[in-house]
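What follows is a single chain, given as structure tokens, in the form predicted on its own.
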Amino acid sequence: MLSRRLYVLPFLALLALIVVWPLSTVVVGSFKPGAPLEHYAYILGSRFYLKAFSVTLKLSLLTTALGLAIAVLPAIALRARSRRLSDLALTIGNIGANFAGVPSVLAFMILLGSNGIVTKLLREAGLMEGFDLYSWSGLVLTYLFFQVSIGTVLVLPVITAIPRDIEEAADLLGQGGARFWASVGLPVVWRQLLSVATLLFANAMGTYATAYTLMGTSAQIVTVRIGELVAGDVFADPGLANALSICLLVVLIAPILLAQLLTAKGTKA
């Protein structure tokens, strides 16, 4: 038995190397010598950084809610289809989930940029006046691309696992179709959907490449602000960047712990 427990040592060593050590370095670096909490006090008193947290939270919550809602629809539709079609949808979803960042933004620029192919066609038809990809709406659209892709991959197995006899019984009682999913189907798997929403939220909060590639430093989100402080030539401040990273981690962990608490209570009930 002891020898089997030793098998986990390589994993623990890797975890310490890629998680514990960098995190401890960031935590230590966030405290300023002589004035340990100065960086945190500056962040909490700065409208600039508080706005970045506000925008990041708003963007993450919005794209999480929309991404999950949109992902549920094809998952429900594919539940009644063949296994082969579901596998194809999962494959496409995986491709979309791994196509985030710089490649996806470049694709959006080619299609929906100022001189994009689709943009020109829609403007000629008078259907796309006022849309700007390099704005808040464009940022939401690019985030939704990978949020929906990841959401579909995670939600499809959850929806597929709902027993067929529950749906058949509800149908006999006159609660079929949309009524079943609103009153029975989705409430049955709400804990799993909450877990999926937590993953989507964490994914959106930590996204950097998508926002930076699309809008550069004008993207008012926390990860871009951290990048400025780490790689900036004029405003470089690694200590403040470390403090911002810890604040982002705290903001990220809070809803995750809340979701786990709600899920645990639902399981006990």
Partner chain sequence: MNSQSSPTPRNFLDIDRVTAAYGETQVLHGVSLDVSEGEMHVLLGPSGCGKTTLLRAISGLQPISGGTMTLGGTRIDDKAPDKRGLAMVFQHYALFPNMSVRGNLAFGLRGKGLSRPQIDERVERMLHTVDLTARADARPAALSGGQRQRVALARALVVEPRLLLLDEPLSALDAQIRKRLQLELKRLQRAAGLTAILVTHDQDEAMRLGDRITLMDAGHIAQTSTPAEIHARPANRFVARFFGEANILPADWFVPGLGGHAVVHPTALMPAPDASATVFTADVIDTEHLGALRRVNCRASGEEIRFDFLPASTPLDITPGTRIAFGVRGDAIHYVDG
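Residue numbers count along the first chain shown, from 1. As the structure is a computational prediction, the values presented were derived from the model and not from experiment.
One more form of this protein, predicted together with its partner chain, exists but is not displayed; see below.
- Under a 4.5 angstroms non-hydrogen atom cutoff, its partner chain in the model of the complex has G174 among its neighbouring residues.
- Among heavy atoms of P187, some come within 4.5 Å of its partner chain in the model of the complex.
- Proximity of E129 to its partner chain in the model of the complex: non-hydrogen atoms within 4.5 Å are absent; the residue sits far from the partner.
- Remark: E124 does not count among the residues lining its partner chain in the model of the complex, judged by a heavy atom distance of 4.5 Å or less.
- For the options A169, I92, L194, I110, the residue carrying a heavy atom within 4.5 angstroms of its partner chain in the model of the complex is A169.
- With the partner left out here, its partner chain still marks one of 174-182, 136-144, 99-107, 112-120 in the model of the complex; by a 4.5 Å heavy atom cut-off that stretch is 174-182.
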